[in-house]
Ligand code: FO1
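Taking the form predicted alone, here's one chain by itself in structure tokens.
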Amino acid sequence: MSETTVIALSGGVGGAKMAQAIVENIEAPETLTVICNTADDFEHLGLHISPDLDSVMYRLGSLHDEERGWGRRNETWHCLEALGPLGGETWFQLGDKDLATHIERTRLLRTGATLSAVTARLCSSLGLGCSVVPMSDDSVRTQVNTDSGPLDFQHYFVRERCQPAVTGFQFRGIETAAISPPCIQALESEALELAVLCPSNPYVSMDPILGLTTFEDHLSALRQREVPVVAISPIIGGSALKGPAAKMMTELGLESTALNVAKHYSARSLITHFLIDPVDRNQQAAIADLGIEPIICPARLNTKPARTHIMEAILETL
């Protein structure tokens, strides 16, 4: 396919699959920059954990565990097995190979390196052909407000297994966090031809990125340049592709539909196109009424032919 300069906004597993689809279907992978949510980052066992960055890096480096959907392939768990009897926290599953990433990231951050610089070094070590960058070098942390009280995101998502009912979200630090320099460079590139919002959770993966100061201004500038800004629905037939997005929508009083995801994005007036699965074709007209051009295409990313089909549909917007 044609050489196209692309940015992709990504959460974890779903975003990683979409990033893979882009890499597989553009002539020059080095023209892709994946901007990752870092509001899910947290400190655990004294280590800086960046779950979304790692999901993208591992998949693009062909190191991911396809069966589990997260972490590294052929993983072992000897450290956690020894940690448990010592009274250590084992609720967050850090495999032995995965630990190496967090140890090195934490070591480099403690020398004063930025998260952007550390991520670039890790990507180079893993042999990635494209750029994977954090949304910010500053700390932004997602708090999930629930009927059981406020929870840090990983406590809600992993420790509590998404069981508490969600009442809202807060992003601590977002008011003062700056967009990372490599992120700005990608957004302002005159060569940029396409922006993709991956099929990640719109509330806890996309909103932290979009909510950074001036980020909306950058995407608005892309629209003025007539650069397509294409979002892919994470909801198919009322169910989430991955994770708790559908459950969250229901608990927030919203019907779990692709249309309501489109409405969420249209409130910011940022996207030009919205890709939905054929099963949601009946929502096409309502999406068009939002001023967003719908794209109808099978939206699951589980096979290489499926990923190619999706990218063909997206590249037709150019």
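Because the structure is a prediction, the values reported are computed rather than measured. In case it trips you up, residue 1 is the first one in the sequence shown, and so on.
The discussion below concerns the form predicted in complex with the ligand, not included here.
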### Query
Can you check whether residue 178 is within 4.5 Å of the ligand in the predicted complex, heavy atom basis?
no
### Any non-hydrogen atom of residue 116 within 4.5 angstroms of the ligand in the predicted complex
no
### Task
Evaluate residue 130 for contact with the ligand in the predicted complex, applying a 4.5 angstroms cut-off between non-hydrogen atoms, and reply yes or no.
no
### Message
Would you classify residue 98 as touching the ligand in the predicted complex, given a 4.5 Å non-hydrogen atom cut-off?
### Response
yes
### Message
Each of 169, 207 and 234 having a non-hydrogen atom within 4.5 Å of the ligand in the predicted complex: is that the case here?
### Response
no
### Query
Hey, of 122-130, 87-95, 215-223, 179-187, which bit sits against the ligand in the predicted complex at 4.5 Å between non-hydrogen atoms?
87-95
### Task
Would you give me the residues of 137-168 that have any heavy atom within 4.5 Å of the ligand in the predicted complex, in order from first to last?
153, 154, 157, 158
